[in-house]
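A single chain comes next, written as structure tokens; it is the form predicted on its own.
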């Protein structure tokens, strides 16, 4: 039961002290999540109440099936932007079809994640490189910020790429509302100040730094309350300021959304993309927080946990959700011990959906836009370009392509290029493994790269070390290297392949080794292997390669070098 339902790993030993900490953490996260959920629903092109729906049942589902004790799931900025891009292709915003498509998108995302979890395929996310993910999130943060400028200006504009967004705003700029802009800028400045200066101010009134930091997280709520009072007291709606308007009270109805197979076909690929990006982001947060308390998360169980959260969101009229970084950190810092904190948060959001929605009528959309803009500023990280340029030009190129393509063509094409760049980068590196000629460090039994160390070598013996497993993608690269070195050294009589870093040899690579053995033997050169690992040795023995090889299999590279340098009379005497 603990394996499939992680809740049973901590629930039986739940204590009163943990209950108090979870209640406090849930109160802080609830206050933070209410404005966030409203804002991210609007970012996804959905009514504000849908954000509340997506913050109730998914939290409960993850609490039962998720392996992280402090991860907080719910609507997040990047997934909301990707959802808007996907849903805009199948239905018009504000229609019942758009709402139904959002629920179907959540169901597809949840089903895909859960299926990967059941099949224990969590390792597949490792093929999406972190630099590419960082580049995509940075570009998405820029797109999100630009997409919210229309609400700060009080104009209508649409677009999935940066050029389209800018063009839409320029075309409607004449309709801007100065009161809306003033209100939005004031909230942005307040939230930015709250992040930097509010902690110091609160510490001056004898609050601890930790308490002050937690209170600062409630700054968006202060902005919401203040602008609601202003909007209602000064009749800002009559002055052209766009408000959230009437939000239905009550809990979401649990029901299976109506859909067609044509809709499923259209949303399947976006659902996969949203799932992969959300899973990678969520797991990275879960690992970070888990390490701070020496708690381990299960990659495959996380797939099931996030999948169940999205399935719960789909049947309750929500949209795709995942683990949020800022929310989870706040949950952790507030002292959350278990996922019961998320259950209490879901109860708090449910109470807000039942009793607080009438007060949100006068909430300006500019306030929610300001909340989103300030929140996504932390997502934009151009330093990744500088870091990758210094460390790996290939990583830099992948990040740059991902950022540029996402900005110019939108998130769907951007994430597709990101995934493709990750795969191409992996294949490129695999196809060109590091291969070094090694020599003996005098006075030792160690062999090192001849280009880096003063070592002993002999023209009759070539020692090659391959720092990668041999497979179909890189076998030809090794073959070319050996033939090139053989052609450049007429005195060569022995080639030793040092296999200390080779963990596996696939069939294609084996055929290449057989070809190398034959070609060298015809040239009067022996092929030897040294430091072969047990599983690789077993495989070579089963296929008969050890009987065909022209040379010997040596236990160590030192043994091979010292024995062969004493005899250069050819293969027959080797």
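Numbering follows the first chain given and starts at 1. For the two forms, the rigid core is made up of the largest set of C-alpha atoms that agree within 1.5 Å on superposition. Worth saying up front: this structure is predicted, and the values here are computed from it rather than measured.
The same protein also exists as the form predicted together with a further copy of the same chain; that form is not shown, yet it is the one meant from here on.
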| query | finding |
| --- | --- |
| Proximity to a further copy of the same chain in the predicted complex (heavy atom, within 4.5 Å), stretch among 423-431, 402-410, 97-105, 182-190 | 423-431 |
| a further copy of the same chain contact at residue 505 in the predicted complex, heavy atom, 4.5 Å | yes |
| Any non-hydrogen atom of residue 123 within 4.5 angstroms of a further copy of the same chain in the predicted complex | yes |
| a further copy of the same chain contact at residue 390 in the predicted complex, heavy atom, 4.5 Å | yes |
| Distance check, residue 150 to a further copy of the same chain in the predicted complex, heavy atom within 4.5 Å | no |
| The single option of 173, 264, 291, 351 touching a further copy of the same chain in the predicted complex, heavy atom within 4.5 Å | 291 |
| Proximity to a further copy of the same chain in the predicted complex, single hit among 226, 251, 201, 501 (heavy atom within 4.5 Å) | 501 |
| Interface residues of 528-547 toward a further copy of the same chain, as seen in the predicted complex [heavy atoms, 4.5 Å] | 533, 534, 535, 538, 539, 540, 542, 543 |
| Rigid core superposed: residue 10 CA moves 2 Å or more between the shown form and the other one | no |
| Core-aligned CA displacement of residue 162 at least 2 Å between the shown form and the other one | no |
